[in-house]
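Next up: just one chain, as structure tokens, the form predicted on its own.
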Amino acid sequence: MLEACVFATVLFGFFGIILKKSLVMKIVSMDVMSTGVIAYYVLIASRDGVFTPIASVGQTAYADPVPQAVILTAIVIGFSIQALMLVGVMKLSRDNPTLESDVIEKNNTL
């Protein structure tokens, strides 16, 4: 069931990127898709019977900390990419009265 929810999140983000005309909505859709991908990795990395990698007495089976580090890195990189795209949209909004991608393309080709 969780796999279906994660897959639906990725699909919603993907179709949002394709179908939405506003650049801000495309950025939001990309963030939704990124959240789905990160949730998929978390879903794969989670296992029953293993403990967090914190040293304690009596625990022998620890979870691998590498997937957690990879996910944290993906979150940070995704946030920085999103910030860069929003700066690009702000610069585009200075020259164009709208943020619709097809209108911006028409204005720039004339």
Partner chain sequence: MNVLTIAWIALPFFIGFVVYLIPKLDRYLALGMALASAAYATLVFSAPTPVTLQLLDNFGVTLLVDPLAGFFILTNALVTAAVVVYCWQTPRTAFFYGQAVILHGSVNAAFACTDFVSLYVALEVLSIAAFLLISYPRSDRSIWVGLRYLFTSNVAMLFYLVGALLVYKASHSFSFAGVQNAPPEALALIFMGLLVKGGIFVSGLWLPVTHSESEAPVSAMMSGFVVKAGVLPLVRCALIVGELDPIIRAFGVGTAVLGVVYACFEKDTKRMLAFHTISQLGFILAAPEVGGFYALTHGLVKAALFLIAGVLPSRSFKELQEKAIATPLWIVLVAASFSISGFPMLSGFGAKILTMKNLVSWQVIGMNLAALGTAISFAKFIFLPHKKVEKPEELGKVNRGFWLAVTLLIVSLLVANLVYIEAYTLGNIIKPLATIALGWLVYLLIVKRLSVKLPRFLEQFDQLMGMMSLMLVFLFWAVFAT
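Computed from a prediction, not measured in an experiment: that's the story for all the values here. Residue numbers count along the first chain shown, from 1.
Missing here is the form predicted in complex with the partner chain; even so, the following discussion is about that form.
- Contact between F14 and the partner chain in the predicted complex is found at the 4.5 Å heavy atom cutoff.
- In the predicted complex, the partner chain lies within 4.5 Å of some heavy atom of Y41.
- Though the partner is left out of this view, T73 does reach within 4.5 Å of the partner chain in the predicted complex, counting heavy atoms only.
- Looking at P53, you'd find every heavy atom of it more than 4.5 angstroms from the partner chain in the predicted complex.
- Annotation for 29-50: interface residues with the partner chain in the predicted complex are M30, M33, S34, V37, Y40, Y41, I44, R47 [heavy atom within 4.5 Å].
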